[in-house]
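This document starts with one chain, in the form predicted alone, laid out as structure tokens.
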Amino acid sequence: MRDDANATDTLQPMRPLTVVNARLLTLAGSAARRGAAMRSLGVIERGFVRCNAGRIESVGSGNPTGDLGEVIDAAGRVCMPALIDCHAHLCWGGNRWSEWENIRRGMPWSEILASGGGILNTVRATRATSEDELAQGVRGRLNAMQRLGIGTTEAKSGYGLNQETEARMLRAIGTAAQSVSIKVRRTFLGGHAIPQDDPEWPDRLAREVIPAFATLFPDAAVDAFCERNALSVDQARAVLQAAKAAGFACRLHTDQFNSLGGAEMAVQEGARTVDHLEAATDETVRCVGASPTIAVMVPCSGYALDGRYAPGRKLIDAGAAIALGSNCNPGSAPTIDLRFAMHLAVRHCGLSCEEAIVAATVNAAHALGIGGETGSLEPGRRADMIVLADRDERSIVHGFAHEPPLHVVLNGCRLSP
């Protein structure tokens, strides 16, 4: 049986909704932004956005006419597309708080892994967690994310590392997505690691599981982790090739701790994104910058683990399209707040405020394969937008650990506070 995330929108808007008197950041355009285009926000100093039936009907300057429906008076505040988290691991069982305490005491990560910690710790807990419990956990995170103004998110599997549990995770994500307003894009991260009880898992993943999941979860993308202590370049290549043959879009975690050639391989295989890139070399930067593959940075991991960040400035200057994700997960980025990733991208990766906003909206939409549906304020796009409590959009980047947006509109409906 097929299981599609967000098969129906939870909130069915009954009448129009219009935001008026706003400083609009439209981010209009049809392609992922690169170079100077990443600094263009498409500002309308005093404008409106009219929504109907869950879609944006019109955008313009001055005062709208006709049936406005429910009116949100922004009073000069910023109205912009809802944020898009394009790299998030939202489904897991158990927790890793004891590992975090060991890290803060100075225990090396290699020692934590050797003692059975890390990803495989969460794998054990997730295998022991029911589908209902997994869905409940995902639902709670999705509800919290949408209150922060995130209108779309990725949700990865990857803590099962066997066919049964990975399928359970993807079903749980699909179930949770049906009861929230945030749009969810699933990713099958079967190549997250090699389980201790099944060293042949990467081969079977490529040969058997991915073809089977093409029928069960056709809406998903496929991802893998290319790193020492995870999949080799050759193993990751086999996963990507199997995914392409099955009709999946491909992504790759790569160059987080070591530069092994994974990013170059992913570009050769036509991957939609390469994610992390903290250890990317200048050669890798040039390769990604000259390709259509989107570079997804996840600076919350650098903040939490080792203080290393992807070379965002170099990537943009090399021509790359940059997107941002929270990397929400229990082991290296325990946060749901994409706004903090935006802050860190400016603080540590060399992005400007404008580039961080583009990376967390329109470019993140393209990283998820839905650039024509969301990520900008344009007629026909899904009506996902936020009204900030400020008249200056730089507040969402330079501020951190602060209040949620004043108004959140998802699928054309204003969320209750």
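A residue's number is simply how far along the shown sequence it sits, counting from 1. Treat the numbers as computed from the prediction; the structure is a model and nothing was measured.
The discussion below concerns the form predicted together with a small molecule, not included here.
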task = Would you check, heavy atoms only and a 4.5 Å threshold, whether Thr165 touches the small molecule in the predicted complex?
result = no
message = Taking any heavy atom pair closer than or equal to 4.5 Å as contact, tell me whether Tyr159 reaches the small molecule in the predicted complex.
response = yes
Test of understanding: in the predicted complex, would His89 fall inside 4.5 Å of the small molecule by heavy atoms?
yes
Query raised in the report: Heavy atom to heavy atom, is Ile119 within 4.5 Å of the small molecule in the predicted complex?
Result: yes
Only one of 288-296, 144-152, 252-260, 232-240 sits within 4.5 Å of the small molecule in the predicted complex by heavy atom distance, namely 252-260
As a check of understanding, the residue in Thr129, Asn329, Thr187, Ser181 with any heavy atom within 4.5 Å of the small molecule in the predicted complex should be identified as Asn329
Picking from Phe225, Trp201, Phe248, Phe213, the single residue whose non-hydrogen atoms come within 4.5 angstroms of the small molecule in the predicted complex is Phe225
